[in-house]
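Given next, in structure tokens, is a single chain: the form predicted alone.
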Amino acid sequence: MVTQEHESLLSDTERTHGRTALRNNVAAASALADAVRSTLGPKGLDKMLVDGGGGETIVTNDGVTVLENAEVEHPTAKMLIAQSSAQDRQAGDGTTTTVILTAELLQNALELVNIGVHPGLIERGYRIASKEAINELSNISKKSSGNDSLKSVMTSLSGKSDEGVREHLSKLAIQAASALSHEVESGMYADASLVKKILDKGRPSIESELVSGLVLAKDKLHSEMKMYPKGGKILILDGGISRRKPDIDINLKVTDTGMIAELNAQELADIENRVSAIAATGCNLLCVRDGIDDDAREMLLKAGITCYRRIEKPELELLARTTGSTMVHDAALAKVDDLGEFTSLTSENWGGVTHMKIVGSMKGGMTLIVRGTSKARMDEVSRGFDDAMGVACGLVRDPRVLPGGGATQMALARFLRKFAPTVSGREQLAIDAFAGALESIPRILAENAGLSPLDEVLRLNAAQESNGPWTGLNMLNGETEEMHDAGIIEPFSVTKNAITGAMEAAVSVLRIDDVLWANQDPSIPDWKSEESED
């Protein structure tokens, strides 16, 4: 039985349930998809994102950038943005496709609910369709060979920057992924996070280059400290070498002038002990997160140790991974086992700024020098390389490829429409709705290219009936072609993750039948007043 207090609590809450809740959630998902659908494909348009606070602008057609910078309040829209971000982390591409597919699945599900199909049956049908679609993907896919990897990465960058820059970034990404690839228990693996990026303004983007080793905008602590072009030992300190400060605020009362000199002598002895501990390890290079006192600098110079200070924690971690060293938190505790190895340490100057360049002994650690005539241009090139690198590393893990140009989605839709009648019950309707959602990809590709969506989908369907699943739409010339010959191919992992991610996101929204919005923040009950009434 609901008490009077519970009724009072619910009176402070706005509630929508049943079809109304589903309809509102679908509307939010569709609105989010509409914000990015025009960016899909090689003919997709750009979006200008304006920061409401500082007025900073970003011009991009990268779906995940648009979504992550959007200020949304609806929880369903936030769920879809989280799903697109997960797609970007896992596959490096396909974020726009994921959001569009999710919205289409929800729209089709709402139509089924309106004619009396229970959401649970739709969920079951969607899961069956997703499983069958993934199995069919394996039948459609081919193992990449020759220049397939390059073409696949270039396809992921379609519509981003000009063709020359896209091809250049794709080649750099393939080069980096190949250099970083190594064998693990599950197969080959390449870690995109081992590539660091630095900006060099003033030169064309086509001159962006990939450097073996890590490049940091740092100069050595003392001009007389030497470089090690033939390698040496490195120690990484997550701290600094300076006079220790008390953890609490205290006031010292000095009664003898000699006390100050004695205090300075003790502080100097403490620094000397830490420097001696570092020198005892036999390191040639010291990189620290915090500062280094002048006294310590002179001691390190005499010990023949080259030093770099005030290096950010993420860069220290990257140094540790590429050199095989263990990060030390206290210099006095440094041991020989904590040392890593580097094969080269040199200094270079770019744009009037001195940079250290270190090549680690471990396999990994590269730097992309992003060039451009403006910061906005360099940021866009940087985002493009991130996408290319994610796809290239994905191809190292799974070298299978699929046709682009909407061919894969159309082939899966055709397969599911033939498969649906084999399933008894209303799940058959959900499988057919799943096929309809997949057809939205070639439809939107045609729409963004200025073609008739209906005509192009019908033409593609007829072409695949005659020529097979690798026939797709070439948006550059408006013709249906064999996608492998046209060089329009996509990684298997991108499409697979987009389909499974969209299905999971749609099912999560579909299962919601009650939305409670609190009209006021919860407050602490006034227990004392209630006790006095008793």
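Just count from 1 along the sequence shown to find any residue number. Since we're looking at a predicted model, the values are computed, not measured.
A second form of this protein, the form predicted together with a small molecule, is not displayed here; the remarks below concern that form.
- The candidate site formed by 235, 340 and 365 is entirely out of contact with the small molecule in the predicted bound form, as no residue has a non-hydrogen atom within 4.5 angstroms of it.
- Of the candidates 323, 156, 440, 76, 156 is the one whose heavy atoms come within 4.5 Å of the small molecule in the predicted bound form; the others do not.
- Comment: the small molecule is not present in this chain, but in the predicted bound form one of 40, 503, 67, 29 has a heavy atom within 4.5 Å of it, namely 40.
- Contact annotation: residue 160 falls within 4.5 Å of the small molecule in the predicted bound form, judged by heavy atom distances.
- Contact annotation for residue 412: none of its heavy atoms lies within 4.5 Å of the small molecule in the predicted bound form.
- Of the heavy atoms in residue 195, none are within 4.5 Å of the small molecule in the predicted bound form.
- The closest heavy atom approach of residue 394 to the small molecule in the predicted bound form falls outside 4.5 Å.
- Stretch-level contact analysis of 402-410, 203-211, 299-307, 280-288 against the small molecule in the predicted bound form, using heavy atoms and a 4.5 Å limit, identifies 402-410.
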